[in-house]
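Below you'll find only one chain, the form predicted on its own, shown as structure tokens.
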């Protein structure tokens, strides 16, 4: 049985890479009948955020990634916040100090920088110079009296450290090439490297799944485990996921887009922008220069004010963009991982021209991912975060959901994005969802149906659509609207069938395609050519509102 853990640092919201790690932690534990633990690594006091910690847990639950032990659940290894486990860490610090496997140090940041510069000038890898005699308690008191910070470093052994990794195979590191690293900071809190080793042992972690970037940390962790007499868990360092631009997906992608937009906006009132973001003008300047990073709510608020669309990186971004959790889980499970065809419950026949056996289907539920999980199927190569593929997955999962669950997901989405449709009754929302079959995301559905919840006089017209559909060829679209107004008024009953019969009849009479009739009507009632199907749109909007909007469009654009 595998006991796995997901241990986020609550310095920001859950991003796609963290969610992928948590998912594989869950899959491995569930497949083997083990346990999945959530641990909050909140030892960086300067960057921790209670809001972020809560959002991480909310996002995990939204994805369906539920932990067996951890915050809000409890368990035998409580507490699960590292900031509440300092007495535990201190005992092991004392143990290492007493065994001369760790020592005090008092270097300032400037002194360390000078050491690194000297090593660089000699074209050498910087390795911290271990003192021949370790400082004692008297030296510690003397350093404190002089105003120096007191830290503790671990003695890295000289011998080779071998990492047996599920994904990478056997990776060897020379102990002499790795510096003695800090395990206790000057504020009395342990470093990530120390706390995670202690907690992995005490929480019984048997398998550690994390990103490839952590591989360089692993020899130090193994050395600590040996020094303390701990067991070494099985390690699996997954390949990284890159964006379409080729770089690693990062929350900084969102910040970069916003910063570029701020720099390009002429005459921007920075004080007003800072106020909208809930930060000071000084903090905004530091953000623009790259010296600081505001919290996600501040970034989102400023982007909305500037009408800037930020790339989705955090899980909450994907929620607000209208993706289903089932689709996102399915998609990220296939990043750097290939399910086994032999164990797949679903296959499709080969397409025409394809040779070989049936192909494993990629649309899988969480339970199917658990059932087919095989750690030997991790890939070494980087994976591409293909947003078009994610949209395709989302379309398929929307089709798989039952009517009531899809409605529930849609209502949750509308509430979070503060859509005017959030107050609509279930019957209307169900009609909208039914008319939107084949939509890519919930956001697309909301966008296409917003006209139903907008006052007649507040419909905003897309200038390009007006020019192309209404004004082109001496205003033939406006002339079509005038005829449509009359024909709609004469309909004895207004419903989808009578509307369709009338529109198709007019197109046949004019010897034109249906689009020549329907598109002017779309622009008049929606302001754009992108909407729900036209028959359903008119039926849901109602005759009176449709006529008013036709009249408004004719009056506004005639003579142009």
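Numbering follows the first chain given and starts at 1. On a predicted model such as this, the values are computed, not experimentally measured, just so you know.
Beyond the structure shown, there is the form predicted in complex with glutamic acid (GLU), which is absent from this document and is the topic of what follows.
Trainee: Could you check which residue among 316, 452, 258, 196 gets a heavy atom within 4.5 Å of glutamic acid (GLU) in the model of the complex?
Mentor: So the residue touching glutamic acid (GLU) in the model of the complex, by this definition, is 196.
Trainee: Only one of 58, 500, 41, 68 has a non-hydrogen atom within 4.5 angstroms of glutamic acid (GLU) in the model of the complex; which is it?
Mentor: Here the answer is residue option 41.
Trainee: When you measure heavy atoms, are 485, 535 and 549 every one within 4.5 angstroms of glutamic acid (GLU) in the model of the complex?
Mentor: Heavy-atom distance to glutamic acid (GLU) in the model of the complex: none of the three under 4.5 Å.
Trainee: Can you tell me if residue 447 lies within 4.5 angstroms of glutamic acid (GLU) in the model of the complex, counting non-hydrogen atoms only?
Mentor: No, residue 447 is distant from the partner.
Trainee: Is the gap between residue 230 and glutamic acid (GLU) in the model of the complex 4.5 Å or less for some heavy atom pair?
Mentor: Although glutamic acid (GLU) is absent here, residue 230 would stay clear of it in the model of the complex, with no heavy atoms inside 4.5 Å.
Trainee: Any chance residue 81 has a heavy atom within 4.5 Å of glutamic acid (GLU) in the model of the complex?
Mentor: No, no contact at 4.5 Å.
Trainee: Find out whether any non-hydrogen atom of residue 153 is located within 4.5 angstroms of glutamic acid (GLU) in the model of the complex, and reply yes or no.
Mentor: Because no heavy atom of residue 153 falls inside 4.5 Å of glutamic acid (GLU) in the model of the complex, the answer is no.
Trainee: Taking the partner as it appears in the model of the complex, which of 210 to 218, 413 to 421, 300 to 308, 117 to 125 has residues with heavy atoms within 4.5 Å of glutamic acid (GLU)?
Mentor: The contacting stretch is 210 to 218.
Trainee: Is any part of 1 to 17 within 4.5 angstroms of glutamic acid (GLU) in the model of the complex by a non-hydrogen atom, and which residues would that be?
Mentor: 5, 7, 8, 9 sit within 4.5 Å of the partner.
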